[in-house]
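Taking the form predicted on its own, here's one chain by itself in structure tokens.
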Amino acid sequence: MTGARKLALKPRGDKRAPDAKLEPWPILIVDDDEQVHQMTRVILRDLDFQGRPFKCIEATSAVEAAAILDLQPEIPVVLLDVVMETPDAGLRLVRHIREELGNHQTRIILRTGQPGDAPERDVVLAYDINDYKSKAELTAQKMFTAVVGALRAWIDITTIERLNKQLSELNDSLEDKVSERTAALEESNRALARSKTRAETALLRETEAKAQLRQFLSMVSHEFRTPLAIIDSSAQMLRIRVEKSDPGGVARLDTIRGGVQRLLGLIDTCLADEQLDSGRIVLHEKSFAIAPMIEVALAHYRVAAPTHLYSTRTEPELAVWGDPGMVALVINNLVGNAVKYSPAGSEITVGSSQDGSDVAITVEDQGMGIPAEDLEHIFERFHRAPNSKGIPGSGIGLHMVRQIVEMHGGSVTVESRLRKGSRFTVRLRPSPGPGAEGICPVRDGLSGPTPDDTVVAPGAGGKISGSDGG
């Protein structure tokens, strides 16, 4: 082999100085000629690639090389002689490396001194080798070039295989995650299906309960009114008789009649609330002035409850778009509550004003007020604040107020301080203009009552009542 002297005068293959911390490149030299081993060591001794020197691992036979590769399959380059213990020992080793060991990463460079015994074309076609060199032409520079080229190819191949392995692992991991997510999604779907079934069952039961409640209220209204009317008429007749003979009994008879009227009012309130809740109401909306309606309501209470003072703060020309009968019911409920929960001699003020794009109706009293923790529940059905104990009421009035206001597309709010009073504010749509009128069917917040269950609101000439207060 030639070129060793020239190599001493040439610069290193990589300008960076070898890093002592980096492992050297292992190069397997397989040849039965000791001089070949010696010359190869000399050539590679002072060279490096990517800052790493070369380390020569030597084998003098194909059998010895096979044993080394069994233990160190990660050797990147093999410089292999063809003719050793047998004329085709090197070629047999190639087969062993590729087929038996399954090692396709190691780069194999054949070096033969007798190319006639293993012609290059036949060997390249028949065996999985990466380079073919004749020892006679293999100078130091050519050997270095061949080794570096083989190393670069080995780095690329191992990098690709490593990335492919990582990609395969990621794919496996992704498949596992997809399977887990799919299973979780299927379980969520099953849970949703179970929840849907439970919700549908609950809704069916609620619908049935509401239907039963409706039947019960209808029965109560029908069955209770007749005996209550008998009791009331009998009390009236007795009152006429005892007015002259026993004046002290008049008060007791008036108490009986008051109880009858209160019970009838409670029945009417429950029926009205049920009609509103079931959506069996038709709103006959039109434009009307709100100030006269407020005056009518207060005129009634000035006679019915003269123990209180009443004042108004209204804008005379302010008009509202809604069902007059239903809006009147809202005002009566709020004023009735104010009277009920305010001490005698206190003032109740009802006002109306333009509030942005809405018409605001306010009812303000100087009563006992509502505890802060009850404010968010005050419009719920049957809810009564703890400080209202001892005062007659069903807890339905304010619930009806909210239902009616929301049917009109408005809102109702409350501000209150204990022992200072409360202020209820109803916001409704203003009138779109004079002469406007329309019918707005309402059923569960949507339009379209069926013909057989429609109850006409007061604005259409029908009757819905119920104001025993909240």
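One rule holds for the numbers: they count along the sequence shown, beginning at 1. Since we're looking at a predicted model, the values are computed, not measured.
We do not show the form predicted together with a small molecule, though everything after this point is about it.
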Heavy atom of each of Trp321, Met326 and Gly409 within 4.5 Å of the small molecule in the predicted bound form: no
Go through 75 to 83, 391 to 399, 120 to 128, 147 to 155 and give me the stretch that gets within 4.5 Å of the small molecule in the predicted bound form, heavy atoms only. 391 to 399
Looking at Met293, Ala385, Val282, Ile267, which has any heavy atom no more than 4.5 Å from the small molecule in the predicted bound form? Ala385
Which one, Asn337, Ser352, Thr112, Thr106, lies within 4.5 Å of the small molecule in the predicted bound form by heavy atoms? Asn337
Test of understanding: in the predicted bound form, would Phe424 fall inside 4.5 Å of the small molecule by heavy atoms? yes
Mark Ala140 yes when one of its heavy atoms lies within 4.5 Å of a heavy atom of the small molecule in the predicted bound form, and no otherwise. no
Does Leu253 make contact with the small molecule in the predicted bound form, using a 4.5 Å heavy atom cut-off? no
Answer yes if any heavy atom of Leu263 is within 4.5 Å of a heavy atom of the small molecule in the predicted bound form; otherwise answer no. no
